[in-house]
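Next up: just one chain, as structure tokens, the form predicted on its own.
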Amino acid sequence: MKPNNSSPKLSRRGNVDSFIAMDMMSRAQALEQSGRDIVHLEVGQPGSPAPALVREAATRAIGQSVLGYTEALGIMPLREAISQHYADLYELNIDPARIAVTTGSSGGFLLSFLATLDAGAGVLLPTPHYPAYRNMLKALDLEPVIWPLREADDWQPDVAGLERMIASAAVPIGALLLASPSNPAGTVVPPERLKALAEACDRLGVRLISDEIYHRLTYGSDAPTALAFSPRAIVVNSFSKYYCMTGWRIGWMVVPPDMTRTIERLAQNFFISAPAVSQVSATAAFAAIEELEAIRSGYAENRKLLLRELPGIGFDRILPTDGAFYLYCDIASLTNDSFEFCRRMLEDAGVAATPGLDFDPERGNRFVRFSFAGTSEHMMRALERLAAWKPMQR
């Protein structure tokens, strides 16, 4: 047989867009390594470490435990603690058997997509949205279906829009992926609207996948959980945001009873189990609410500061920010190229932010996202630098 000297081809499933926020972070870190001082407002990462109780639990686990594989769905003490969390916060009785501990929320989304959707199915993405959703869907041969939200609708989805999108989609819609509070806009879907959307999904045979990783990070009314309104909904959550455990890579999902064995089989084969030390440590996180609420109060103060000061600098159109820890700003008066704008802001002013193109491929050229998850000192430094940044005017 004649040898084939050509290079093996690459899978088209790997041909996804980059995660721009991570690219910006990499560039910012490269500048820091060269001696520059950079203020990081680009990634959704708490500026505080994991709570003391979590770190103490990790230390004990490392010193006293083998830390081998766990059950694929997670250790029972953590699943029971998550179940109690739903009883305490939402007054819901969630069987621990319905809870799967995952490798961050990313593991939860992957398992959700694989368990509920066949190749070629469409997933509605209210937009702007977290970019990894659509990139993960593309890699799995699923079809992300962009649902452009409107300022006239307070940047929130509704049942009429859901029905319209399903009727007009070029592919059969298998799921709606809804985030509340949302990233990047911080929109919180109120209970009556979430209930209507959940009931409509059940009526239309569409799976509701509810991203609730920013729950407990709200600045007004609490965010409701989809579990209160639909027995068929899948909820994905994480210890990364409110619990300040991004690098621990630990999250969870709540699934309908008839899906637990499917999720377990997939988790066994894809992950074996979530990191054991992170599972033990996360079990202690629910006892650290006092420390975590103090951190959340700091976010609230950062939010007030930026909302007060950014308009005077030129960022005078900010989307609703009722939850999470982001401001999504319309910068059409300053630029029509958010990527170049953020590149210049990083290089010239030493402030890292994320272009809206990460969250909205069609309209994101006129938006930028700032994270206020850092310290108040970081916010002040960013504001000072932005105020002095003359080239920002187009």
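From a predicted model like this one, the values you see are computed outputs, not experimental measurements. Start at 1 and count along the sequence shown; that's the residue number.
Below: the form predicted together with a small molecule, not depicted.
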Taking the shortest heavy atom distance, is P128 within 4.5 Å of the small molecule in the predicted bound form?
no
Note to self: Can you tell me if R79 lies within 4.5 angstroms of the small molecule in the predicted bound form, counting non-hydrogen atoms only?
What the structure shows: no
Using a 4.5 angstroms cut-off on non-hydrogen atoms, would S273 count as touching the small molecule in the predicted bound form? no
Practice item. May I ask you to check whether N183 falls inside a 4.5 Å heavy atom distance of the small molecule in the predicted bound form? Key: yes
Note: the small molecule not shown here; in the predicted bound form, the stretch from 309-317, 235-243, 86-94, 286-294 having heavy atoms within 4.5 Å of it is 235-243
In this chain shown alone, the residue from F109, W147, W155, F229 with a heavy atom within 4.5 Å of the small molecule in the predicted bound form is F109
